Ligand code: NDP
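What follows is one chain in structure tokens, specifically the form predicted on its own.
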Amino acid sequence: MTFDYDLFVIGGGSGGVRAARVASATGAKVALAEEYRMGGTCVIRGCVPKKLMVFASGYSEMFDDARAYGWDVQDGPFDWPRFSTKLNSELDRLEGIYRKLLEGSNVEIVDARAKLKDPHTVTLSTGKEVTAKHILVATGGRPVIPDMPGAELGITSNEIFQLKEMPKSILIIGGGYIASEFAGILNGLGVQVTQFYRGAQILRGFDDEARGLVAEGMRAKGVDLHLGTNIVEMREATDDDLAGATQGVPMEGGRPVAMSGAGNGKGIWVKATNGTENVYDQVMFATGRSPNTEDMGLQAAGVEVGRRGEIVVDEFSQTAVPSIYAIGDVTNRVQLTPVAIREGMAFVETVFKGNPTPVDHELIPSAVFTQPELGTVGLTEEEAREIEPVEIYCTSFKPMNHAFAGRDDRVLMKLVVSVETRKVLGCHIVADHAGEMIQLAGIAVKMGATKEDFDRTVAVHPTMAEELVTMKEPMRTA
């Protein structure tokens, strides 16, 4: 059978773009369809704009620090329209780069929504149908909005970048990395931030000691964090709501400041499980993400979809239909951009280079850009002690730069070590630039370095990271 393409990719995010380019380099005829903007969640409404907002929010503390270090500087208000304009220009530039990379790789770009018709046929929103020997689904995921009255008044991480103005107050619902990152970002930009999380501690799944210190640091910086708390009801606020609210309403001269969150301009009234009733300028839901698999024609084509809407694949990213593969967040394996890129490259190795390559999802370093920042790789203390006896090497201290500036911020350096093999099973860092540090520590952990390998490494002084190689005695065993 003759096909229009050797490979048709659905989704122009980082994973889909990389797979398309690398496959085309093998001589394959490749097309890629994207219904929105090239770059996907990471570039357009995720990692990149979020990190730029992290940078922007960090300057609020730098004014105080600069004065402590002898600089005569004055605080100034944050200009959201000015920042937002430049942010959107940067995203336009990056999308243009993605398009040029595809064009330079001889990948045909299709600006349309694509869905499956059968194992080898794709239907486009333009009405056209095309065939392909192989189809790769890389449609990513989207934020979930809870099913409750008034939920339509809230926003998600998708809309936060498109606000015309910064809210004066915001309630963030959720305790994962997205909720906690934006709590720090908006707090740093001068927004009055309240965060509700129904669990006992934020950042579930991360090391308990590390996430505890992150929560402490967030509160110390001004985030009003409520654990064991959820939202019961929300609606547009009334004058009576403003008069009776106990928090969340910015005040000026003893009177509520005009709101811009809800349609009536008075904000959003929220009732919480802790009994409080408050009004916020804006409410943001960060309660999870769902794979983009709806109305994709997956079941009709014979592709198995899991209970969370994810495409079910094997270790080679192949679905139950031999000609159809899937990578990235749509498979709900590890929701990280670099992982999607690795999966895309492994797919090309397997299908177009004849080198069956399973994706390695073990010991993936990751960073959470909370304030303070968290970097992690490997097992948490809680996970490790369920597997084997371990030693915990840990230190928490006030770093030199913060101590001199008079700040109380503390950092954490932690190693989880196997008693039997002496391998470092996990490394957890809470500190400024923890993401940069964990990238390098992740190499050592991935290579199977032992505690003695760390000990043999000479410290770089004076740095925070030197503590990783100077902790000689375990704090405890587990």
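Residue indices: 1-based, along the sequence shown. Since this is a predicted model, take the numbers as computed values, not measurements.
There is another form of the same protein, the form predicted together with the ligand; it is not shown, and what comes next is about it.
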Contact test in the predicted complex: E181 vs the ligand, heavy atoms, 4.5 Å: yes
The ligand contact in the predicted complex: P146, any heavy atom under 4.5 Å: yes
Partner proximity in the predicted complex: K451 to the ligand, non-hydrogen atom cutoff 4.5 Å: no
The ligand contact at Y197 in the predicted complex, heavy atom, 4.5 Å: yes
Site test, K50, G176 and L336 vs the ligand in the predicted complex, non-hydrogen atom cutoff 4.5 Å: yes
Contact residue in the predicted complex, from G150, G297, G288, G212 (heavy atom within 4.5 Å of the ligand): G288
Single option in N230, S396, T238, S84 placed near the ligand in the predicted complex, where near means a heavy atom within 4.5 Å: N230
One stretch from 168-176, 347-355, 399-407, 115-123 that, in the predicted complex, holds residues within 4.5 Å of the ligand by heavy atom: 168-176
Heavy atom contacts to the ligand in the predicted complex at 4.5 Å, residues of 357-389 in sequence order: A367, V368, F369
